[in-house]
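Presented below, as structure tokens, is a lone chain in the form predicted alone.
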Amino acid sequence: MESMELFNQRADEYDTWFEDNPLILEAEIEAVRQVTPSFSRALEVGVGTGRFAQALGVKLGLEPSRAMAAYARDRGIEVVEGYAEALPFDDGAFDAVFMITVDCYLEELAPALHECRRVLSEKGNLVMGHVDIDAPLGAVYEEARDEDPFYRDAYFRGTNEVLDQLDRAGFAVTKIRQTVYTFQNVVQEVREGHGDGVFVALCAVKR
């Protein structure tokens, strides 16, 4: 099933997961917040149901799934329909671009990174959150592929691979944080670095 069709059909299920796991969501938002610089013009690519954008004060999102976009609009986010590989915005339009748990639905990450770089102003920042498949809990994602519709066709990457692709795309990483060490809905620490937490947040400046 294509990602957009998946999210159109299962937007309710996707959003309810965060409702049922508020402490995990809180930890992920805090990790992203810790790497987020100040901004005035921001875009979230793949805004989904808008939970991160709402929490982080991002007012504009891009989303291909109409069902997901409807949730984001209900949370006060302006949503433009489109894809990460062809952003419908001018060069240098934003000083910050967010892309959170989007890379695992992109077979090739480079085109999206180049588009993010294009729409960033000079010294603009890309803030990413991703599933680190090389972390201990990464094995759980791999084991759940056959049963979980959101994981079945995902393209999970390790943080080292993401860092390499960011470097190739013309970004320099300035901050990195990790969290989520158990899938139990409990308070989870945000730490510097990567390798232990399955959710990694990072900030990369446009070179």
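Quick note: we count residues from 1 along the sequence shown, nothing fancier. A quick note: this is a predicted structure, and the numbers were derived from the prediction, not measured.
Separately, the form predicted in complex with a small molecule exists; it is not shown, and the next lines address it.
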Full three-residue contact with the small molecule in the predicted complex, heavy atom 4.5 Å, for L109, T159 and F171: no
Option touching the small molecule, based on a heavy atom within 4.5 Å in the predicted complex, out of M68, A27, L43, V35: M68
Interface residue in the predicted complex among A72, A84, V127, L120, criterion: non-hydrogen atom within 4.5 angstroms of the small molecule: A84
F89: touches the small molecule in the predicted complex, heavy atom cutoff 4.5 angstroms: no
Distance check, G138 to the small molecule in the predicted complex, heavy atom within 4.5 Å: no
Touches the small molecule in the predicted complex: I176 (any heavy atom, 4.5 Å): no
Heavy atom of L62 within 4.5 Å of the small molecule in the predicted complex: yes
Contact stretch among 43-51, 176-184, 140-148, 163-171 - heavy atom within 4.5 Å of the small molecule in the predicted complex: 43-51
